[in-house]
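In structure tokens, the next block holds one chain alone, the form predicted alone.
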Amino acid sequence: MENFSIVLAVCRTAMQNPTDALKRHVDRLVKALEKQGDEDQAVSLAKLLTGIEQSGKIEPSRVILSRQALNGETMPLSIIPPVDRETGASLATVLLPSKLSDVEPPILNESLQAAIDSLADEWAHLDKLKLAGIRPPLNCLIFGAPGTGKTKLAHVVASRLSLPLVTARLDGLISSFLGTTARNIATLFEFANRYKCILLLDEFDAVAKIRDDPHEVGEIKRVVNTLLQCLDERSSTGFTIAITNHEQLLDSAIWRRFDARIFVPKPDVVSRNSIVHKYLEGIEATNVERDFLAWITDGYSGAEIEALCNALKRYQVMREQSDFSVMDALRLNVHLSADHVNSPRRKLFLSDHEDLARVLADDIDFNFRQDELAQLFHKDQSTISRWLKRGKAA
């Protein structure tokens, strides 16, 4: 809508003394804007109705300014993503801001969270950077082990900026037809460049592999060259986030295309404790049992800790409340979720409790007290004291 800022100002002034008739007319205008695809404007007006905006304060201004600094059209609600010409398969999925509002951010360590906040803040103030003559960092590579929350991070950034998220699983772009993969990549970027949006390239290593990889056919060089060209063209026009679990497979020229490169590690001890407390809600577990879960999940990803907590909840539901034991449930889960990766803490948990108690007492991150160990192992403190003394004597 032309002159929308004037219309918004008039509506805001009128809504200081709202009547039912005025509310109905503003609601009609919101629906009309949604129908014609002006979602940003519709959201701004809708906030007047829901009371999100406070008098004299224009809350969405930072998002509106950043969107004005982006090239492209506003994405309509009924958008249809591009498809592969040969198979008809969709090359991407589109999530509009209204579908991203409920995304829960992953629990990260403090320094990484600060880095993510800094990047999102720069993206929200593109206009400020451009006015200062500074080239904004419009692309970001996120890498790390599976289950560490990389995809959630992309969703959270899109939600914070209130921008549509165009997600392409790059392994789905690969075609057996000669030249089709490169064409699919070009088609995907052409679609994303047309609109104000964030382009998310998931499973990025599927097409960004090292060009001299002896296990790849010559076609991979053409694909990577096309990808490099597309990234260069988009680097000054729109946001791009790439995600990979296998950063070592990426071509070196790909790395240089990204202004921001973020490593998402597996959660540290503080983060594990926060994840356990979050996902164990509803379980009758003591603080020492929660701390022990944070201890034993050393080396787990956030997704693995969440899965463990859900398993404990299932155990509780299947048994009488009086029969529930976190340690018994955990022992059963360890047997049901054997891992090919050796975990000394899991192995120790299944062995002698006396040895485990001594390790827990000496752990510098947790430093379990004797009364806590007695509670954990359902023993009296004199037994725990005897265990620890035998360990020191040995």
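Numbers follow the displayed sequence, beginning with 1. Every value quoted in this text rests on a predicted model; they were computed, and no experiment measured them.
One more form of this protein, predicted in complex with a small molecule, exists but is not displayed; see below.
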Quiz item: Can you pick the one in 72, 146, 137, 282 that has a heavy atom within 4.5 Å of the small molecule in the model of the complex?
Solution: 146
Quiz item: the small molecule isn't shown here, but in the model of the complex which of 127, 84, 306, 259 has a heavy atom within 4.5 Å of it?
Solution: 306
Quiz prompt | Interface stretch in the model of the complex with the small molecule - options 221 to 229, 117 to 125, 297 to 305, 191 to 199, non-hydrogen atom within 4.5 Å | solution = 297 to 305
Quiz item: Is residue 98 close enough to the small molecule in the model of the complex to count, meaning some heavy atom within 4.5 Å?
Solution: no
Self-check item: residue 159 within 4.5 Å of the small molecule in the model of the complex, heavy atoms
Solution: no
Self-check item: Partner contact for residue 152 in the model of the complex: the small molecule, 4.5 angstroms, heavy atom
Solution: yes
Exercise. Using a 4.5 Å heavy atom cut-off, state whether residue 106 contacts the small molecule in the model of the complex.
Key: yes
